[in-house]
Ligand code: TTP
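The form predicted on its own is given below as one chain in structure tokens.
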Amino acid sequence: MARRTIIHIDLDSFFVSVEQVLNPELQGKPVVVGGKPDRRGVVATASYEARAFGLHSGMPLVTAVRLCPEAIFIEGNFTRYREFSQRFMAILNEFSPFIEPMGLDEAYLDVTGFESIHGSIRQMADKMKQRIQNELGLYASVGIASCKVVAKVASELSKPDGLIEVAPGEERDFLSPLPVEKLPGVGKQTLKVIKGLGVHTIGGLSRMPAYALKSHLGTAGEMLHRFANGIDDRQVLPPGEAKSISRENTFGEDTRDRSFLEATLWTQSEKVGADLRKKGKQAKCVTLKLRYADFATITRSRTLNEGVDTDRAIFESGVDLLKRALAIEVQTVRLIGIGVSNLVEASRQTMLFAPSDRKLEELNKAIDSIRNRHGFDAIQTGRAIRLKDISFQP
């Protein structure tokens, strides 16, 4: 395979940085996006000023406010973040058409051969960073390497607002002294296993026999061995169609109130159903997700004989799974979610439907039309009335 050049670019403290652009008074202050500290939730993003107090993504808000009482807590606005993300991706697209977004705020670009246009790939990356700063007011960190995994590690090490280029042939030497947890794919459980083997650096991991890692970590061990040696032949791929659709909510207080849980599940089913119909898809699998008070999380799935896209069909499968789960577990519920997968193209022969099914389909279409024009809350079904204080994902 010919040598490639890959860029990984990542916006620094994205959510917080957008808030600071929109409200310059937040500049230079400890800011947390994720919600109010008196509510249940976790830190989505913390400014570097807040990180100095030990705050980080995923930290419970109650812990964050204890570590940094002077922090400014913001619930966030995902509409704004999506707008900034779209502008960010549009800038990247002007530099290379070979883009693989990784969420709202980061992406891989295959820039092989583009040095002839910009003088060098480093100059190209500098121009990207400058465009992002000038047009969006945001800062980006960049890694340049011959493969995805090394470019990703380089961009992480360059934060904030940096750029690291790893020359071809120097991938293994670059990775070798770094702590093993810096390697993408090494999560908490994997890290325990690796450190249990007496390995603490990426270099140490690279020197282990691949078969030994496979015996402890399965096929993931083989992948990590390649990554540790700076070998990664994954291509930069454009985003594909979503393979699943889901909604979930964390409650302010744990609950076992059956009617409240079912009402939440109904509103989530409405949103999932609307997404399916908008995409022209039907789902053949429905999955319920529950997280209990002790943070134990379960999923329960049901495979359907035929694809569905109506709110009621999704809800009925989900609520049946809910009843079965609550009959087994006595703990209160912290989070509930519903999702659909195994998506297929919507294909209907309406005349074969029962009259009630046809009426339900038309009702869903009418409600979708009104909500598309006036917002989701323009119509609220009776089952969801008691959820007026719950904030749902868009």
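From 1 onward, residues are counted along the sequence shown. What you see is a predicted model; the values in this text were computed from it and never measured.
Below, we refer to the form predicted in complex with thymidine-5'-triphosphate, which is not included among the displayed structures.
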* Asked: According to a 4.5 angstroms non-hydrogen atom cut-off, is residue 159 in contact with thymidine-5'-triphosphate in the model of the complex?
  -> yes
* To do: Decide whether residue 48 counts as a contact residue for thymidine-5'-triphosphate in the model of the complex under a heavy atom distance cut-off of 4.5 Å.
  => yes
* To do: Give a yes/no on whether residue 171 approaches thymidine-5'-triphosphate to within 4.5 Å in the model of the complex, heavy atoms considered.
  => no
* Are any of the heavy atoms in residue 105 no more than 4.5 Å from a heavy atom of thymidine-5'-triphosphate in the model of the complex? -> yes
* To do: Please name which of the stretches 23-31, 65-73, 327-335, 38-46 has residues with heavy atoms lying within 4.5 Å of thymidine-5'-triphosphate in the model of the complex.
  => 38-46
* Spell it out for me: taking thymidine-5'-triphosphate in the model of the complex, does every residue among 12, 15 and 57 have a heavy atom no farther than 4.5 Å from it? => yes
